[in-house]
Each structure stands twice: as C-alpha cells, then as structure tokens.
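Shown below, as structure tokens, is a lone chain in the form predicted alone; questions about how it binds or moves come after it.
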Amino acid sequence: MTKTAKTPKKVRPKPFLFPEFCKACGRCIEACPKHCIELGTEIDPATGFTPVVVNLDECNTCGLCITACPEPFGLMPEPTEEVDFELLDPEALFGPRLTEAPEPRDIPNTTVELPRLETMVLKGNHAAAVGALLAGCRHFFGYPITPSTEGAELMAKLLPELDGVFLQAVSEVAAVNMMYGCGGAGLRSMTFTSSPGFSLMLEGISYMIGSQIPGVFINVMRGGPGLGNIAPEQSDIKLVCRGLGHGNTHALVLAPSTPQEMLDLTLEAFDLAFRYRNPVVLVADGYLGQMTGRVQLPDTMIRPGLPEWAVWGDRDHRRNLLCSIFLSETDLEQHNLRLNEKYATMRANEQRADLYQCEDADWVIVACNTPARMAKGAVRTLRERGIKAGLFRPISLWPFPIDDLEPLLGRIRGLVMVEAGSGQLEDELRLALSHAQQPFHRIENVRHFGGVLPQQGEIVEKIVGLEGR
C-alpha cells in the first residue's frame, strides 16, 4: 500500500501597505483583532495624508484589514517568491480620473406668493428673524449675546419646523467660520450678535470678504468699550464701516430705525449679499432690537436657487474654488483691484437715505437708528416754532449716502449730528465730504455715551441756540 503525499498547506499572506495610497481613514485599525495597526504621525509628502503604521509581529494573517481598506491598493497581500506581484495603475483598472466637468450653471431664485396677513406687532430682533426666513435663510450659526438673543431664540424655534439648521456654536469665532462654509456652498446663512461678539468675528469676516462669500450679520450694538453694558449705543459704526478685519475689506452696512425696517432691510440684505458675493452687516442699537412695533409682512417670500460659483460638492460644481490666499504679490494685487471695482459699484448703486422735510430746511439733523426717531420729533417741534429743520437719515452707513446730501449743502446753514456714541457717524460724514471735495464746515453735534440716548428736547434746544433765539 502506497502513501499519498500530503498537499502543502497554503500559507495566507500578511498585509502589505502602500503608504502613497493610504488616506488614513482608520477602517483597517477598527478591523484588526490583534491591534497591529495604528494611526501614523508622519505626513506623506506626496499626498499630504498621514498613513497608518502596520506592525506585523502580532499579525495572524486574518486578512480583515485588507477587506476593510476602501482603497484598491492601500492594503494588499504581501508578495511572496511564488507570486509575482505587480503594482497596477488605478487608471488601468478604473479608467482615467474625471477631471472635466460641465460648466456650472446658475439656478435662479423663485418667489412664492404669500397670503395677505394682518399687521403684526414684533420686537425688532424678532422682525429681523422673520425677514431672514422670508429671504430663504435656513441656516443660522451663532452664540447668544444680549441684547440680540431674542432673534437667535426665534430662529432656534422656527428653523427645525422649516427643515432648516440652527447651530449654537461654541463661540463667535466658530460661528463666523461655519458661515464661511455654508456661504461657500451657495446657501443663505446669518447670525445675530452684539458688539463684543462682532469683534470676535472680524477675522472670519475678512476671510469671507477675501473669498467673496455672502452672509448676513445682524449686530445689535451695545455700550462700550470693553464689555461695557447691554444698553443701546452706536458703538460699532467705526468698526462696521472701516474695520472689518485686516486688508482691503468693505461690506454694505444698513442701519434700520424701526421694527418694520429691521424686517425689510434683513430681507434685502440677503439679496445684496448674493448680488455682490460679499457679507452684509445690519446695525441696530440695543433699544431698537428690544423695541416693539407694527410690522407688515410682504406679499412674497424667496425660495433660493444655487449660484454657479458655489462649492456644492457635485460634479457640476467640482471645478469651483473659493479662497482668499494669493501667495504671489502680483496675484494678490490683482485680486484687490477686482475687489475695488466691486466696492466702486457698491458706492455708485447702493447709497440709501431717507430725507424728511429737507426741501427748505435751514438746519439739517443727521441721525440713524433710534436717535433718528428722537430727531424726527425734534424736526416737528422746531417747525411748530417757525424754525426750518429737516432730518437726513442715512440708511446705508457704508457707502455713506453723500450723493443725497450734496444737493442740500449749498443752501443750509448747518448740519447737526445726533448720535448715541462718540462721533463715529460724524467721522463717516466728514470722510464722505472730503472724498466729494465738499468744503462744508458748519457741523454741530448732540452726543451721549454708554447707553444714554439723545433726547428730543435737547436737540430742539441745540438748534434754537444756533438760531440765536
């Protein structure tokens, strides 16, 4: 009887790692029952990833890591002398990598008819939140801060009912960078904040301006400097008009004075942000954010589309890139020149002001936000006393509406600045006059600080004194 020779037992190969194909996803780490694989610490210069590290001393050749690896050539069976292993180009297996994509197309906004509703009574903060929802905003990122928190609270209540996203970030720094990502995807996003929180957002706003990414910031200003208090002050006009982060940065700045304008201007801010691919800032003082007023809703709301420049993540938009870094000095200069062209268009097209009884005025009061309401009352009182006064209310603080003011300068006796702050609005006026080469010098002021608002009576007394009565 002859014995049959035994067939040699087939030895399972151990895994072999090609670091240049490892994306450090970690699936092999979870799959290995012997804990032979761990995250690496050195970056592969060819890929920018950090490949895993494989220790084969405890390997039982189960092959689970090879099965778990999603890359065709990440983890492979270790070549043996009997196997002539050849590393194949993935293109030979799967075809050439898709580098071409169709030209991205713009999906336009659509309007949705709304039923006619009765007038509502809303806080200014709530009115701005409703305006954002009507503008099609479904993404909110922010951090609560008095006196703006009611706006965020209403968004937190309503957005989940509208399939939207409300995310309370860990800080204002995080919130603005979330807005960067959301706006970069072509989606409408916003935040409510107040003066100290807005200061923390400035670096992110500079990045958004540099990358030309839209977003709406509602800054309900409070007293300063430092932590200050939560009372109303126009403390951030200098910041929003001249200090939006480092570099060549500007954004449209809108200044409402009523809850109705809080809604209307917020609604319009989203259109402007996407029209110019730039952040838009709405500045209200703390009193206006908390003040209740009558608000009429519009007849339509917006269903947003998708802009062609969006980094949406699909094939149609795969060639898009949003970035604010230009390592070449000449490239960065050209980018800034393009930004300057956009700023010039904003200055030409987006100056806004409301003029009240300025046609024959001898004295023109300049005020915005809540102080403009006191100033309007002062105009009525002065007219009753026979003094021709008018109110010039800038609605756009940047650009300052100098084109609407210039026709008045040749015939009035003087301007009276009324501010709850340190003359920051007056500085914008003077700078606009200088750029317009207007030699107008008679500028008086009524100012209060720290949350104290100018009163109607003292505005009247100021102009009566200037009249010499």
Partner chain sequence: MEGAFYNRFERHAHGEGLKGHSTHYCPGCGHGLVHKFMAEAIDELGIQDRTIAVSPVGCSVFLYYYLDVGNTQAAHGRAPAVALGHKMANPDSIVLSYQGDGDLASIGLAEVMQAAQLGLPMTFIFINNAVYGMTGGQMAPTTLMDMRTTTTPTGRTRLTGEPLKVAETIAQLDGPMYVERVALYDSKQRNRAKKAITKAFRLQAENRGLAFVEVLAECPTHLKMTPVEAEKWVEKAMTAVFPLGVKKDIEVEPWFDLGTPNFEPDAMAAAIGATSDSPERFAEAFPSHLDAHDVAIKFAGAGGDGAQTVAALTARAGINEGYDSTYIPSYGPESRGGTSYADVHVAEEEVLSPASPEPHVLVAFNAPSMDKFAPHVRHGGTVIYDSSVIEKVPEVDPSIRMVGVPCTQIALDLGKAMVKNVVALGALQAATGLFPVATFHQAMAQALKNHCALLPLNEEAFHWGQEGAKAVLGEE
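Positions refer to the first chain, counted from 1. Quick caveat: nothing in here was measured; it's all calculated off a predicted structure. Definition used throughout: the rigid core is the maximal C-alpha set that superposes within 1.5 Å between two forms.
Although it is not shown, the form predicted together with the partner chain is what the next lines describe.
A single residue from the set 144, 304, 243, 228 has any heavy atom within 4.5 angstroms of the partner chain in the predicted bound form; that residue is 304. This chain is displayed alone, yet in the predicted bound form one of 355, 322, 346, 387 has a heavy atom within 4.5 Å of the partner chain; that residue is 322. Of the stretches 269-277, 219-227, 335-343, 180-188, only 180-188 has residues with a heavy atom within 4.5 Å of the partner chain in the predicted bound form. Mapping the unseen interface onto this chain, residue 458 falls outside it, with no heavy atom inside 4.5 Å of the partner chain in the predicted bound form.
For residue 71, a non-hydrogen atom is located within 4.5 Å of the partner chain in the predicted bound form, even though that partner is not displayed. Though the partner is left out of this view, residue 412 does not reach within 4.5 Å of the partner chain in the predicted bound form, counting heavy atoms only. The partner chain in the predicted bound form is approached by residue 47, whose closest heavy atom lies within 4.5 angstroms of it. Residues 130, 133, 134, 136, 138, 139, 141 are the ones in 123-147 with at least one heavy atom within 4.5 Å of the partner chain in the predicted bound form, listed in sequence order.
For residue 423, the Cα coordinates differ by under 2 angstroms between the shown form and the other one after the core has been superposed. Once both forms are overlaid on the rigid core, the distance between the two CA positions of residue 458 between the shown form and the other one is under 2 angstroms. For residue 73, a C-alpha deviation of 2 angstroms or more is recorded between the shown form and the other one after rigid-core alignment. A change of 3 Å or more separates the two forms for residue 319 and residue 72: their C-alpha atoms lie closer together in the predicted bound form.
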